[in-house]
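Just one chain is shown here, as structure tokens, and it is the form predicted alone.
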């Protein structure tokens, strides 16, 4: 039994090495992407049919771009396109050939991307030329917040609140958005414990900030009339919590419902017009549990609660 266990542990480490690179102490390190420099807003950005936004339903990084597209009503000027995961090939593929490409990797190569770089979503694409202006989610949402829209479209990064918005974004990016992956892909107990502690410190800080906002009659992380980019980057992680990150990535220090202000905030975001349609729980379960073999070797896709019922329930009363 000892030899069998040692063999499977060695094999798990090999598989994890291909899935999620780590440093010498076992801390997950997200690889660098391509097409990451923030370009100027294209002069013809408002021209219908010129640009597209490519997203995957299960990807939380793409979800944040999809949310900005939804909240600002960008459908008239920016075409939304979907890719689907191909777990056997480890890539995103188009449901039908797109600009002569079968996969996102093909589109990357066509646009001159580094062959060694991962082909990821979200991605802005010039539908006339196939060029990729931008592929880094944090920059994509900034560009989409400036994209031509209706006069009443919300500004998700108003100048008066910009410092606070950026402070939360910076914290969430490393501690929460990437933090759940640092838990799930940790290669050592130390790396896991470190990531878990940092994750919940950030969530507890957000919960305290939201509780204070509610006492002041406000609804969002920053003193803005509506949600800001700070809310946008936190939501995709928290809406997947019970479906993916808690059971599969081991994010179990305490249940989310115990952070009561954060729980109410998640409900408020989910019930904004159009947001529920961006939340695809079946895709999340299928693509995480079915594709991440080193974390879930059986490939069995578990059932889960109805998302709308879960999100809209009141915070449970402790026994």
Ligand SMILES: N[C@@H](CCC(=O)N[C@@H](CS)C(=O)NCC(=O)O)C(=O)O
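Quick caveat: nothing in here was measured; it's all calculated off a predicted structure. Residue numbers count along the first chain shown, from 1.
There is also a form predicted in complex with this ligand; it is not shown, and the following applies to it.
*Within 4.5 Å of this ligand in the predicted bound form, heavy atoms considered, which of 175, 145, 228, 120?*
When this ligand is considered in the predicted bound form, the option within 4.5 Å is 120.
*Of 267, 27, 50, 30, which one comes within 4.5 Å of this ligand in the predicted bound form, counting heavy atoms only?*
Going through each option in turn, the one that passes is 30.
*Any chance all of 184, 242 and 284 sit within 4.5 Å of this ligand in the predicted bound form, going by non-hydrogen atoms?*
Looking in the predicted bound form, the three residues 184, 242 and 284 all stay beyond 4.5 Å of this ligand (heavy atoms).
*With the partner left out of view, is residue 92 within 4.5 angstroms of this ligand in the predicted bound form by any non-hydrogen atom?*
Judged by the heavy-atom cut-off of 4.5 Å, residue 92 is in contact with this ligand in the predicted bound form.
*asked:* in the predicted bound form, does residue 136 come within 4.5 Å of this ligand, counting heavy atoms only?
replied: Output for residue 136 is yes: heavy atoms within 4.5 Å of this ligand.
*Tell me, yes or no, whether residue 61 is in contact with this ligand in the predicted bound form, where a contact means a heavy atom of each within 4.5 Å.*
Heavy-atom contact with this ligand at 4.5 Å: present for residue 61.
*Among 68 to 76, 220 to 228, 188 to 196, 120 to 128, which stretch has residues whose heavy atoms lie within 4.5 Å of this ligand in the predicted bound form?*
So the stretch in question is 120 to 128.
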